[in-house]
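Form predicted on its own, single chain, as structure tokens, below.
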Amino acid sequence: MKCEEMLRMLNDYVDGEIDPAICDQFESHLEDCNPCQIVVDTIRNTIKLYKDGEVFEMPLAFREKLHQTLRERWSKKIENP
């Protein structure tokens, strides 16, 4: 299995919704492909963080600066498509 093939089916793999024979191919590919291991681990960790429901509050000053920056960039994008 090539990386491109794996990436096309990655969500189904992580969700456990693909044929077990294909899972074997995924596992075999992951044993030898560090970049794909990193992608799968990152997705799994993201899902775990989401399911754990932990919420991290941003400091108020940072949040206000982020909102200001996003509004400015959005305005520029609208003005100059």
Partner chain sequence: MPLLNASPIKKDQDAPFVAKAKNGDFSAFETLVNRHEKRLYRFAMNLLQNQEDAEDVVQSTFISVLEHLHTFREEATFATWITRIASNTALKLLRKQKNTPISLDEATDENEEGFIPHPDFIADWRHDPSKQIEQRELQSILDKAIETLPEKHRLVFMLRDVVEMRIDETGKALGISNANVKVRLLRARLALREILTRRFGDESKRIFQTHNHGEAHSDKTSARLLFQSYQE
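Fair warning: this is a prediction, and the values are worked out from it, not measured in the lab. In this text, the rigid core denotes the largest set of C-alpha atoms whose superposition between the two forms falls within 1.5 Å. Numbering follows the first chain given and starts at 1.
One more form of this protein exists, namely the form predicted in complex with the partner chain; it is left out here, but the text below deals with it.
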With the partner left out here, check for me: in the model of the complex, does some heavy atom of residue 24 sit within 4.5 Å of the partner chain?
no
Under a 4.5 Å heavy atom criterion, is residue 15 part of the interface with the partner chain in the model of the complex?
yes
I'd like to know if residue 28 sits close to the partner chain in the model of the complex, meaning any non-hydrogen atom pair within 4.5 angstroms.
no
Using the partner position in the model of the complex, report whether residue 59 sits within 4.5 Å of the partner chain, counting heavy atoms only.
yes
Only counting heavy atoms and a 4.5 Å limit, does any residue of 37 to 51 reach the partner chain in the model of the complex, and if so which ones?
38, 39, 41, 42, 43, 44, 45, 46, 47, 48, 49, 50, 51
Please say whether, between the shown form and the other one, the C-alpha of residue 11 moves by 2 Å or more once the core is aligned.
no
Core-superposed C-alpha of residue 64 shifting 2 Å or more between the shown form and the other one:
yes
